[in-house]
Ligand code: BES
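As a starting point, one isolated chain is supplied in structure tokens, in the form predicted alone.
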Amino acid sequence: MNPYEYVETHRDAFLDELFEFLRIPSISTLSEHAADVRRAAEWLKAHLEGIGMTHVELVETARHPIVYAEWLGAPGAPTVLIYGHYDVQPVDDPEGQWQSDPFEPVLRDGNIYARGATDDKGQTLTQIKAIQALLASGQMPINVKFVIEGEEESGSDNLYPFVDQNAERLAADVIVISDTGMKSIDRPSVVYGLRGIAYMEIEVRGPRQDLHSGMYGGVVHNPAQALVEILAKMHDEQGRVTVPGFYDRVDEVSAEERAELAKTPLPEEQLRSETGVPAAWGEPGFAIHERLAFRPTLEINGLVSGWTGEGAKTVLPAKALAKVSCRLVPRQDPHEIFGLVRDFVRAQTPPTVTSEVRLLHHGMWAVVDLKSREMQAALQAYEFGFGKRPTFVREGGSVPIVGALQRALQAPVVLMGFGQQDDNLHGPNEKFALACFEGGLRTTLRFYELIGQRG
């Protein structure tokens, strides 16, 4: 039985195992789910042992364990390092938008609905199942190592030192990461660039404690008001970031890249349909897909202050807090951007309040060589798996480990994503199309065959 026949005959078993994996609420950002995160790691360890990996271990960290596995039974063949993550985002559904239990996966209209379905349990298991099929069929063309972490959704703080300290152990000829997506099944694409990130929180403080707004309103500067005044100054009316120096390291994108990206545009009507917004917004002079691909951003991710419970409470809050993230493009450094934002906030803070800016986590941008033989093999594999030759795209999100692995291991990276643009990762009703799972398996199998042939 060849590996493709193995996948076909084990399709239902693969889905059962994916559903079992998805039922574990491995939310790394919430301490009350720490036991669930460990349960997911232990599930993965047992699963990797079960498919025939010769060495599997849980590498303990200060928080959640890293799952490491390897099979090195093909002397002289290339070695592939596969990265994924088993933690998921919180559900956070105050308006009840989930149509089914986020941790009780369902198959509906050809899609698997569950938290983590596409980000990243479904994609990680696609890689694992492809390796299982190769091992079970006795046609393994590569050596393989897995690094699957449990903190991607909360900053990957413990993965970076692990990579730096274990560069020799993790050494590989190519790195494969399935934590990105493509435009759609009908428009397959290969991601070759990701933005970096600097995630901060801004705190503004005023009085020692909450005050009665009738007794002190109008004579004490409200920290919530002061914060939004500062935040409002971070963009001009056209959407450009006004923080001095923010764009200093941003380079122009070549005409060749712009032409390649133009093959997968995002029309405004599609944006409105996907998001429900009445109109597009953003930096002038760039198409929507260009803003997402190669322009940096500064976004307010959350605001907290004062009374937000049911009913009224006439309080003048003692403090206000904003969560802010910057998506960064090549040559921008997250620490430098943090310093620029911190200095801007400091300069804009009136003497009636105090402020502090804290860097919570960060990650570097990454760009992959389009002309490498590994990327060319990926093009052939996607065409085999999905029936159409893919285009190259840059993605607006961040996978900070990409840059860290590139620097530490000095190996080419292939971002082999199988999610779709409308999969609602991080949102309600996250999904993973069954056709993406099946096409992803075919693509992955073909890619490893090609890598093995080329040596």
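One rule holds for the numbers: they count along the sequence shown, beginning at 1. Model, not experiment: these values are computed from the prediction.
The next section is about a form of this same protein that is not shown, the form predicted together with this ligand.
A.B. asks: Even though this ligand is not shown here, does it sit in the predicted complex so that 85, 397 and 426 each have a heavy atom within 4.5 Å?
C.D. replies: Yes, the whole candidate spot contacts this ligand.
A.B. asks: Among 398-406, 46-54, 30-38, 63-71, mark the stretch whose residues have heavy atoms within 4.5 Å of this ligand in the predicted complex.
C.D. replies: Selected stretch: 398-406.
A.B. asks: Considering non-hydrogen atoms and a 4.5 Å limit, which listed residue (321, 315, 253, 197) is close to this ligand in the predicted complex?
C.D. replies: Contact with this ligand in the predicted complex is made by 197 alone.
A.B. asks: Which listed residue (327, 240, 291, 145) meets the criterion of a heavy atom within 4.5 Å of this ligand in the predicted complex?
C.D. replies: It is 327 that has a heavy atom within 4.5 Å of the partner.
A.B. asks: I'd like to check something about residue 222: if you look in the predicted complex, is any of its heavy atoms closer than or equal to 4.5 Å to a heavy atom of this ligand?
C.D. replies: Flag for residue 222 set to no.
A.B. asks: Wondering, does residue 361 line up within 4.5 Å of this ligand in the predicted complex on heavy atoms?
C.D. replies: Residue 361 belongs to the contact set for this ligand.
A.B. asks: Does residue 374 reach this ligand in the predicted complex if we count a contact as any heavy atom within 4.5 Å?
C.D. replies: Looking in the predicted complex, residue contacts with this ligand do not include residue 374, since no heavy atom lies within 4.5 Å.
A.B. asks: Answer yes if any heavy atom of residue 119 is within 4.5 Å of a heavy atom of this ligand in the predicted complex; otherwise answer no.
C.D. replies: Yes, residue 119 is a contact residue.
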